[in-house]
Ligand code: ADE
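First comes one chain, alone, set out as structure tokens in the form predicted alone.
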């Protein structure tokens, strides 16, 4: 079975994290920035562990300095998505990296990203929507500024608000004000939790921030009551199996709980997280899930529909994408 052509819905993709290393190296050369230390001799990204990955990620992001840089980035990322059969994607973007949380500057960056997304939809057939993320290890005060940027630009394209970064820093409750601001603006909510910290990190995020989705969330498997709660409350997990294995959260995909979570009624979706960093694509994710767990075309069709149901887009967009998931259109 060829998985490339299967229509896919991806809900957990960091825009900067989707940047091909050659693209970042090219930008650095243009701007005369020396970030050679973040690359291996073969040109791929180089880092030791998750926390070093965060440093390398931010170093790569330092090359993205103008709205036009982000327009070019968006086109490069969406080209890769389209090659792998993605028909709808939601991407994490942050005013922290796009204008330093200044609302006026953020609007310019957002406009450039949207322009690229519109072009990609016309020419590549992939639909993109944005989720603003605050950065957890930057602290709650900066998160409030980020949430204000999100609330002021919420609409048909900017559809969500979330939190990424080092989940061991601070408590979810510290960020409640920012999430309340985003909720009042009508944005869908998601939180990274349960990747590097235990089940309590997922529970605390649910209690304090009331998101509809959890980014990763795989540590929930170690708490039976929490698994039951996720299923009962229909909390959707944005699972990134390849990322989890590459970073060592699990030694191998066979150890990953995605299949067990699914069997216990938890709504799971599949995404790439930061694909070039983790040497993965949506096609490769499907191939590996087929190889290890035997997921087939029917499973992946259900997965795409479940992801679309969990998407933060408006109903018009959802209906349009749903037609593309029908077997006759594959």
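All values derive from a computational prediction rather than experimental measurement. Numbering follows the first chain given and starts at 1.
One more form of this protein, predicted together with adenine, exists but is not displayed; see below.
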Next on the checklist: Residues 3, 80 and 284 are flagged as a possible site; in the model of the complex, is every one of them within 4.5 Å of adenine by some non-hydrogen atom?
Outcome noted: no
Item to check | Interface segment, criterion being heavy atoms within 4.5 Å of adenine in the model of the complex, picked from 292-300, 26-34, 258-266, 54-62 | outcome: 54-62
Checklist entry - Are any of the heavy atoms in residue 195 no more than 4.5 Å from a heavy atom of adenine in the model of the complex? => result yes
Item to check | Interface membership of residue 164, adenine in the model of the complex, 4.5 Å heavy atom rule | outcome: yes
Checklist entry - Counting only non-hydrogen atoms and a 4.5 angstroms cut-off, does residue 216 reach adenine in the model of the complex? => result yes
Checklist entry - Can you name the residues of 11-32 that have a non-hydrogen atom within 4.5 angstroms of adenine in the model of the complex? => result 14
